[in-house]
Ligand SMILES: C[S@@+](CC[C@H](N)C(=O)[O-])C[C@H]1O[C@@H](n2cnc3c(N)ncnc32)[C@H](O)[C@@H]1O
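Only one chain is given next, in structure tokens, and it is the form predicted alone.
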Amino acid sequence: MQRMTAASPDYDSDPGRWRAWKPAQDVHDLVAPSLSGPVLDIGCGEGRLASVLKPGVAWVGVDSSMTQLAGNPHRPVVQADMNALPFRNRSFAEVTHLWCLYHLDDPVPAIAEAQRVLRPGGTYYASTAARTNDPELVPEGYPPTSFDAEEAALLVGRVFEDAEVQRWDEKLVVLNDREEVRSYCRHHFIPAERAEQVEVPLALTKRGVLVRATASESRPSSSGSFR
């Protein structure tokens, strides 16, 4: 498999870029109803998943960005590297990597860390976009990263034996006016001039995946190796 490059995070250096646009619905809304806790939300950002959990579900957020954690109203949160989680083996019923693994040169060690802290029978979730996402604004496709929809199941499958993929490919986002298109372009690193070249309102085709996997009941308690 061709080695891809990580998408450089800028959450501390340019928080305005990340906050320029927020979707009305996201994969967090899809995952949250299935979570019973305790949940480890890796790459928790400003708490999108925590904000839609059912009442009473125990949640812990992890992020490497102090700016993101400062903007997160939910607690507890921990600043940590997703490759070296400061938690004991088998601590959580669910672990999520939503929109974050493409920031790593090699996502597999982080996926193995997620498996390590999952209880036997616990569920793992990871999401990412396809390179062909947003064709109305990026007809040439996004540059490949280290964790795209095209390779996500294969990478998760190096750690978990039963990775299952839910794909989406439909017009899921509507940008109602020119300013919203501009904000969307800033948020997604799309050249600013693209916002002036499309008609509004603009319906965007969203393409990506949610990968689910289950921690083996029989794996060693110190599991952290790859298959």
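It should be emphasised that the depicted structure is a prediction, and the values quoted were computed from it without experimental measurement. Counting begins at 1, following the sequence as shown.
The protein also exists as the form predicted in complex with the ligand; that form is not presented, and the subsequent description refers to it.
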Review point. Just one of L104, L155, A130, L137 has a heavy atom within 4.5 Å of the ligand in the model of the complex. Which one?
Key: L104
Check your understanding: Tell me, which of V77, M82, V117, A149 has a heavy atom within 4.5 angstroms of the ligand in the model of the complex?
Key -> M82
Check your understanding: Residues in which of 196-204, 64-72, 170-178, 155-163 have heavy atoms within 4.5 Å of the ligand in the model of the complex?
Key -> 64-72
Practice item. Answer with yes or no whether C44 is in contact with the ligand in the model of the complex, where contact means some heavy atom within 4.5 Å. Key: yes
Exercise for review: Look up in the model of the complex whether W18 has a non-hydrogen atom within 4.5 angstroms of the ligand, and give yes or no.
Suggested key: yes
Check your understanding: Counting only non-hydrogen atoms and a 4.5 angstroms cut-off, does Y142 reach the ligand in the model of the complex?
Key -> no
**Study point:** F87 within 4.5 Å of the ligand in the model of the complex, heavy atoms
**Key:** no
